[in-house]
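Two forms, one protein chain; structure tokens for each follow separately as structure 1 and structure 2.
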Structure 1
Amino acid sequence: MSHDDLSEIEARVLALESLLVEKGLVTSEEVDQVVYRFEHDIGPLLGARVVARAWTDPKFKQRLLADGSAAIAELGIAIPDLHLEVVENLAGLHNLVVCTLCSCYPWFVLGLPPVWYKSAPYRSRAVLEPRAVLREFGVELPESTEVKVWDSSADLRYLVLPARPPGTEGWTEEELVAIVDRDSMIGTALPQVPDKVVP
């Protein structure tokens, strides 16, 4: 990507990082490590633990669907002063999360939002043609499946509770965590069960 392709915010971030590196306050590797942790460990891992707990503990799942903020706090996850609503994928119902105004996102359980989540095309098309958007992400749903789009706001964030894949009965919570990714908790993916993960 050339500097001409950067958005204004990306250019500012790059300039700030360059300045911090030049002054010897951080290294590029340290910045990359922090970004990696937010993208792969801190956020999505916390969300995956929430999902796996809901799949293995029916009482926790009830509390999660009734009050997502309170249930997540039970797991020791610090959340900001806003409401988190958890919406469940069911047979015949698939949920998709978007923020049409900006990029409101449950970063405290999912980490940094993906670039596409913040893009204008996703923000508009997810509402206007959600099935087409899902197909582009590789999610093919039967025509009989209802797609419900949830619009996040400054005070209200959404998390998708994906359907537990068949063939995972008897799996431990840790084994289930490994098959839940960020996109499945936004609704743009489905948890996959690779053959090598099957116990």
Structure 2
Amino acid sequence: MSHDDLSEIEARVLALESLLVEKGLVTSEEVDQVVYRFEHDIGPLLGARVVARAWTDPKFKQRLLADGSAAIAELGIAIPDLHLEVVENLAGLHNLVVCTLCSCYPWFVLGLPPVWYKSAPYRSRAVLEPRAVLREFGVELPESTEVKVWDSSADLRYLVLPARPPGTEGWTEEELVAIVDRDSMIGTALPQVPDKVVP
């Protein structure tokens, strides 16, 4: 994108913001606050905490799988107008989340979606050839592993609960949080145990 295009867009955004402020719908301070929250407070660390808790507390995991929204509320994470459904990776079963129609994403536990999640290549092929898509992310699953794709088209948002990797026995919840990355909660990665970590 050239500088000229960029400044044209910036001018459109400025005009729109001014109009909405004039209508009394928003204030620029509120806009600042929303941007700040998503840049600093709401991100995949929230989801990693949910996963690490589920890995270390079997009763929490049970509640999480039964009613995701209620379980994450225990950790102080609120969801407005949506329902969280947590889907668990098991030996022989892998889950992958997509939104083919737009970009539905569990932003309240993962923050805003990455560009690839919202892009045509991912949205078009995740349902058609999930194994090929996973290979593009470097995830090679055994042929015997079943792949379940979740196309979020309504008011449910899906979070993948990855399998706890071997070699993490005895780790604390905080240590586990560090190895749960965003993509493993979308289903396009598996949590990795770094070689150098000696818990």
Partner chain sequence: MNGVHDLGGQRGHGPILIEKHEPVFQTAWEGRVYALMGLARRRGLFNLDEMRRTIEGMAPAEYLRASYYERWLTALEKLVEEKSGWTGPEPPPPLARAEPLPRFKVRDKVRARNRHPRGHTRLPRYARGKQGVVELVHGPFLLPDLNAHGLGRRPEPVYTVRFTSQELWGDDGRAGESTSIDLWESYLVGTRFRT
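Numbers given to residues start at 1 and step along the sequence of structure 1. Throughout, rigid core stands for the largest set of C-alpha atoms superposing within 1.5 Å between the two forms. Here the structure is a predicted model, which means the values were calculated and not measured.
**Q.** Label of the structure corresponding to the form predicted alone
**A.** The chain shown as structure 1 is the form predicted alone.
Q: Give me the C-alpha shift of R12 between structures 1 and 2, core superposed, in Å.
A: Rounded to one decimal, the shift is 6.4 Å.
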